[in-house]
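First, one chain by itself: the form predicted alone, in structure tokens.
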Amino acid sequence: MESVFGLVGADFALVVADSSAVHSILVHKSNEDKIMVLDSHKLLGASGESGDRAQFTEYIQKNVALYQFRNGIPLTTAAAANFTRGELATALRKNPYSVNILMAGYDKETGPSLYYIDYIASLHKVEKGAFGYGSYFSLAMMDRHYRKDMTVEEAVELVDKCIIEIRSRLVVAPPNFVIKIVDKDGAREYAWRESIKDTSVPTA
């Protein structure tokens, strides 16, 4: 029951993801971070099969870093999104990845942006987007309350509304969420919204 969503504000973009690692009817952990910091000014929120998600997002992260190492300049958010789409499209005809991606970034020239990339390699630049079962509720809330000129505080308030809606309406709702933000100061973790904490198992 994954939930990944994001939006673009006045001078920032943010991505929110649940933190449940689930297989079949079992919850393995509830603090899995599904939003990768791609580089200093990019975030990559992913949903899908856990193996595909981990392998593909790490592959993209290392290739983006390799490009910057070879050329001395980082990829723009649009270029990184198009590279990601290209790799998904190539894999689609060989060994497809079951992974959906929201890529958020901040560029000096163009400001904040958000890209929606699904598992069949379609790419769209969006102002708000979502994947997973939680998207039914988060998209509805964002359609109602989203504005292009939102401040960080207003956007986080909207995120909290989305999380409350997911927790109250989804039959098997994820308990914990992580919020990450990217703006002119870089990509960083902003907050967690936790209703369950993983407890450590005492060793004998």
Partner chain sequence: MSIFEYNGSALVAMVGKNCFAIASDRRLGVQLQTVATDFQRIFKIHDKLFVGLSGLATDAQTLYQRLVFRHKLYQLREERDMKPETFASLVSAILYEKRFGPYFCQPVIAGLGDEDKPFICTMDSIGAKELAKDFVVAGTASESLYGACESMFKPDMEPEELFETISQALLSSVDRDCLSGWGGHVYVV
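Note that the structure is predicted; figures quoted are calculated from it, not measured. Positions refer to the first chain, counted from 1.
One more form of this protein should be noted, the form predicted together with its partner chain, which is absent from this view; the next part is about it.
Taking the partner from elsewhere, residue 97 is found to have every heavy atom lying beyond 4.5 Å of its partner chain in the predicted bound form. Not displayed here, its partner chain is kept clear of residue 73 by more than 4.5 Å at the level of heavy atoms in the predicted bound form. A residue is said to contact a partner when one of its heavy atoms sits within 4.5 Å of a partner heavy atom; residue 124 meets this definition for its partner chain in the predicted bound form.
Contact check for residue 135: a non-hydrogen atom falls within 4.5 Å of its partner chain in the predicted bound form.
Residues in 20 to 54 all lack a heavy atom within 4.5 Å of its partner chain in the predicted bound form.
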